[in-house]
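Take a look at this one chain, the form predicted on its own, written out in structure tokens.
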């Protein structure tokens, strides 16, 4: 039995509330169980220096956790004067995930900055951030279309992420903190709506896991992201 009482292939309760931030062009508050992430997407009429004059847009991301998002208070990274390696890795992952489903030529020379702030952490924060970021990005791009900044939607697909792991020798979907901290293996899958793999991060915490177990985790990830894709579509009013 999982600590939460869920079946192996069950997601935590998922909700996505849009337009949570008053000023951002796109925003979403995503809740996966007790994990809550506020995501905003901000449009900037400039691109990084390496893209100037190329007629391409850019999507990047920043990620952070509030000091009491976890069981004990963590220092603000700004107070420490530098970001942790974990933070840098996650925000690069979020940016890659968004760029995988955007036609940057169709954007023209604009940038969208995705800010992901973890309000409450109970496992799977990077996955929730990615799934919520797609919603915020979609809303920001729609805003640009409504303002006649863009003539068409540059998004080419959906993207979402979910964690899976081996807990008590069983493949399970969407690990919470209790499972993640005791898993024999854990993995994060970033998938597109059309079935493509953007990124797979998998680690054995003890004994190695098998190829068959990896395929079990991928199967669960596809089932889980199918539900997330449906929630994303509902949040932005498509499909």
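Note that the structure is a prediction, hence the values are computed from the model and not measured. Positions refer to the first chain, counted from 1.
The next section is about a form of this same protein that is not shown, the form predicted together with a further copy of the same chain.
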Q. Given that a further copy of the same chain is left out here, which of 168, 82, 105, 147 has a heavy atom within 4.5 Å of it in the predicted complex?
A. 82
Q. For the chain seen here without its partner, which of 147-155, 83-91, 160-168, 129-137 has a heavy atom within 4.5 Å of a further copy of the same chain in the predicted complex?
A. 83-91
Q.
When the contact criterion is heavy atoms within 4.5 Å, does residue 183 count as touching a further copy of the same chain in the predicted complex?
A. no
Q) If you check in the predicted complex, is residue 48 within 4.5 Å of a further copy of the same chain, heavy atoms only? A) no
Q: Answer yes if any heavy atom of residue 141 is within 4.5 Å of a heavy atom of a further copy of the same chain in the predicted complex; otherwise answer no.
A: no
Q.
Please tell me whether any heavy atom belonging to residue 220 falls inside 4.5 Å of a heavy atom of a further copy of the same chain, as the geometry stands in the predicted complex.
A. no
**Q.** Residues in 1-31 close to a further copy of the same chain in the predicted complex, defined by a heavy atom within 4.5 Å, in order
**A.** 20, 21, 22, 23, 24, 25
